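Consider the single chain below, provided in structure tokens and representing the form predicted on its own.
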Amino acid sequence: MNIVITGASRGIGFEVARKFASNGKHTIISIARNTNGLNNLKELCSKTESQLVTIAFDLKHTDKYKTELLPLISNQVKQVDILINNAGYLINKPFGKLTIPEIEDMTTVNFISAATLIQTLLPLMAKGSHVVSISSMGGFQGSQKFPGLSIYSSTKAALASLTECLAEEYKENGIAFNCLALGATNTEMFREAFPGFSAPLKAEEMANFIVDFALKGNKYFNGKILPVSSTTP
């Protein structure tokens, strides 16, 4: 399969790319702005049967998706079977102290970039393609909320709502859209959100679930927001 993953230079995205690379013969396009992380990922996956392609690109530059990012992807694959919108940006700060640029950056990376990338790659998707967006339990309606995460949680909630809307809009095309609201996972971002808290799951354990869901979940789900959480937070 041809797979595109954002936020692949660290954390869950890094482990998802590794898992895909070791799970069959895939072409995996891994996107992130951290060149060192991408180089490390490529080295670790160099002996697998899959082809891993790294693209260093800042997802905040949404005006360059169609002119710069799309050619880099379409030069590698003519069809996208799975898109995983994993990139995320978190600033843990009281709402009243957030600056407008900080709010804009979180909104762009967590929501606008995913929407723009979906729009950009839709021409490469066919019946059976699966878009999996990675949200958070903080953005899951009715879940417990935490101080300092108001904008982060709100942008992740917007990503969940977009998933529901696009599933309806593209159901006749046979393209599935689902969203995974992840709970506590031991990543750098989680530690920034909850200093001193010990998450029960490792990034590679959560990656196992995401990869399996991305490959098979569209047979059973479309337009669903699925909580993947064993603890609060």
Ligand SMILES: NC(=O)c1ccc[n+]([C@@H]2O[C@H](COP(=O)([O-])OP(=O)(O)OC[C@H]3O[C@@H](n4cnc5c(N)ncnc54)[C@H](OP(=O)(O)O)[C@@H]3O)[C@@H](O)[C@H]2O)c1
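Numbers for residues come from their place in the sequence shown, where the first is 1. Treat the numbers as computed from the prediction; the structure is a model and nothing was measured.
Beyond what is shown, the protein has a form predicted together with the ligand; the following relates to that form.
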property	result
Residue contact check: residue 163 to the ligand in the model of the complex, 4.5 Å heavy atom	no
Contact flag, residue 176 vs the ligand in the model of the complex, heavy atom cut 4.5 Å	no
4.5 angstroms heavy atom contact with the ligand in the model of the complex for residue 41	no
Residue contact check: residue 170 to the ligand in the model of the complex, 4.5 Å heavy atom	no
Stretch in contact in the model of the complex with the ligand, which is absent here, among 121-129, 82-90, 69-77, 140-148 (heavy atoms within 4.5 Å)	82-90
Position in contact with the ligand when the complex is considered in the model of the complex, options 63, 49, 188, 205, heavy atoms within 4.5 Å	188
Joint contact, 10, 33 and 183 to the ligand in the model of the complex, by non-hydrogen atom at 4.5 Å	yes
Sequence-ordered list of residues in 95-134 near the ligand in the model of the complex, where near means a heavy atom within 4.5 Å	109, 134
